[in-house]
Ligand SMILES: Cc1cc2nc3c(=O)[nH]c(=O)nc-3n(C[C@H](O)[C@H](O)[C@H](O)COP(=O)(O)O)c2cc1C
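For reference, the chain that follows is the form predicted on its own, supplied as C-alpha cells.
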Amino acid sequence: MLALAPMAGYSTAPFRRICYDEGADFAYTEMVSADGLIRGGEKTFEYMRMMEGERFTGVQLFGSDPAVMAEAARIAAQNGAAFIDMNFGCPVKKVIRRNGGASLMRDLDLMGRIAAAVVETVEIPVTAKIRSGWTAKDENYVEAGLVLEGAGVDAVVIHPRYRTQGFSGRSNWEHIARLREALTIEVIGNGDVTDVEDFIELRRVTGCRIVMIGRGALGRPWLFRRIKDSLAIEAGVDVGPEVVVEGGIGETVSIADFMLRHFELTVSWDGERRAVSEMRKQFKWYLRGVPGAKEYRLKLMSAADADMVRSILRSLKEELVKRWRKLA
C-alpha cells in the first residue's frame, strides 16, 4: 500500500485528489492545530475539507494537551476524517515552541497520555508519526513506538531522522526495520522515496507493507502509478504504455498536462485568484529538473491571472512535444 504524506502547504485537497487518481491508497491532510480546531478557527477547519474522489483521508493533528487533542480528534471524526494521525515528529520551531510535534519525543509519558486520550475518544483508526529521537544521543524511537502501541494506536509512521536533522541528511531505514521488529502493530515506512528503486530498496530493508511518500511526490504525483505499475509488471500483469518518461513528455500525458490538471482542480477548489498564487510553489516542483524550463517557471511565477497561467502551460506543452519529437 502507498500513502501520500502530510506536507504543510502541499498536501492540499487538489494534490491529494491527483495522487489518489495516480494510485495512492490513502492520504493525510496538512497538519492541523488541535488548539485551533477546538477554538473553531475558520482557517483550521479549512485544512480538513476534502474533495470528491478522496478515498481514505485522515486528519493529522498536533498539540500537547491530552484533553484538547481528544476533543480535536472528535471534531475531526465528525467532519469526515477517515482516521486520526497524531504528529509527534514535526521539527518546525513554531510547533516545537508549543510543545508539539517532535518535542513530544522528549516526553514519552505525555505522548502516551495524548495517544490514549485520542484512542478512547474516537471510533475510527488512530495512527501516530514519530522521529528517530530528538538527537542521536536521545534516540528513543523504539521506546516511543512501544508507548504508542500500549496506548492502543493502530499504526506508527517513523520518519527516520532526528529532530536536529530536520530534513537534511539521509533517512536511516534501519530504524524502520528495528521498529517493525519491536512492534506488533503496523509500522509505515517513510523517508527519501523518490523513485521506484527507492521504494523497492526501502521495502527490502524494512519489510514494511505500507510506504509513505512525501517530497518525492511533489511535482511527480505519477510516482504512485509508476510504483504500482512496476509491481504489476513484476507479477506478470500488462499495464499498457508508460504514461510519463524522463524529460517531461510521455506517450499520452506530459508534465504540462499534470500541471494544468492540478491548476484547474485548485481553481475549482479555491477560486482563480487564490489558485494563481497557491500553485506557484507547486509549479516549481513540477519544473524541477526539466531542461530549458527556466523561462516558463519565471513566467508562471509572475502570471497575473488564470488565463495567463493556462496560456503559459499550453506553450510549455508545445515546447515539450517539439523536444520529444526531435528525440524520437
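Bear in mind the structure is a predicted one, so any value in this text is a computation, not a measurement. Each residue number is its position in the shown sequence, starting from 1.
What comes next is about the form predicted in complex with the named molecule, which does not appear here.
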| item | value |
| --- | --- |
| Among the candidates Glu71, Asp257, Asp229, Asp192, the residue which, in the predicted bound form, approaches the named molecule to within 4.5 Å (heavy atoms) | Asp192 |
| Candidate from Thr266, Gln282, Thr57, Gln60 lying within 4.5 Å of the named molecule in the predicted bound form - any heavy atom | Gln60 |
| In the predicted bound form, Gly112 touching the named molecule (heavy atom, 4.5 Å) | no |
| Partner contact for Gly219 in the predicted bound form: the named molecule, 4.5 angstroms, heavy atom | no |
| Contact of Tyr20 with the named molecule in the predicted bound form (heavy atom, 4.5 Å) | no |
| is_contact(His175, the named molecule) in the predicted bound form, heavy atom dist at most 4.5 Å | no |
| Stretch in contact, per heavy atom within 4.5 angstroms of the named molecule in the predicted bound form, of 210-218, 134-142, 148-156, 112-120 | 210-218 |
| The named molecule in the predicted bound form - contacting residues of 1-15, heavy atom within 4.5 Å | Ala5, Pro6, Met7, Ala8, Tyr10 |
